[in-house]
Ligand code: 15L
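Shown here is one chain on its own, the form predicted alone, set out as structure tokens.
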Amino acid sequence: MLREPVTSIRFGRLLLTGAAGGLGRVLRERLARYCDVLRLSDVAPLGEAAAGEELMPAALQDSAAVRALLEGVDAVIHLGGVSTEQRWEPILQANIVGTYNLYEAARLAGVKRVVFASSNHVCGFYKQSEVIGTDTPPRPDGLYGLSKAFGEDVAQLYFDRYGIESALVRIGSSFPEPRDRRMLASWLSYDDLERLVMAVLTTPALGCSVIYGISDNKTRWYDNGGAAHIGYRPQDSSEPFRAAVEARQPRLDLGDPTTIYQGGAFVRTGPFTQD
């Protein structure tokens, strides 16, 4: 049975990009409770539209399609684009060109609030022995993280010049439960993901703010103190899963870069050449 919505505020039309992806499918099931129309977009199949849904497939690098996508929208939850470490060209088109197209379309359509799905991989080369805050400069762990750092800069530019408010949500590891010991720090429950998105959409004054997409985990690499004005209060924790995770992974190689750095496997994953 569905929980009660986490806010009484209701929107006319919300846009969810990347709606066919892992987290897109999670939010597709949940966001309809908060709006009259949920517009869904992706380049992957979206299936049949449910009641209150509006399907608008679009490639983010197609500026005309993205402009049409933003028309008549109250706010955007932007999960679209490449979400893993890949070669440069697909990242360039979807995450670099695509993010610019989305913000320019938001400007033209008069859309004033965006939930931008950034990533913890923007800061993947900070060490797991460090706690970083919302004002910590990026240290990307690959081309994917680099593209998300670019997206954060685009969002800041469009706030400073045009007043489009954005939450730069550096999403951790959002799965039904943590898969390894790294995720004891980076885990974000699906319920907390919903709480975070709705806090961003309903806070009176958002600005252009970094916030880490994590639950209330005991192991902490991220400090959301600088984003307290958003009103996000996670209610879940990775701690109930700790014993099972540690039983599956009792030992860590403390000399392994994937153990040293917050980005985990991303610090050494993915091709940087075009051959």
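A residue's number is simply how far along the shown sequence it sits, counting from 1. What you see is a predicted model; the values in this text were computed from it and never measured.
Here the subject shifts to the form predicted together with the ligand, a form of this protein not shown in this document.
Out of the listed residues 166, 99, 120, 147, 120 is the one that sits within 4.5 Å of the ligand in the predicted bound form by at least one heavy atom. Though the ligand is absent from this view, in the predicted bound form it lies within 4.5 Å of a heavy atom of just one residue from 201, 183, 94, 111, which is 183. Residues of just one listed stretch (125 to 133, 172 to 180, 86 to 94, 154 to 162) have heavy atoms within 4.5 Å of the ligand in the predicted bound form: 172 to 180.
Remark: residue 266 counts among the residues lining the ligand in the predicted bound form, judged by a heavy atom distance of 4.5 Å or less.
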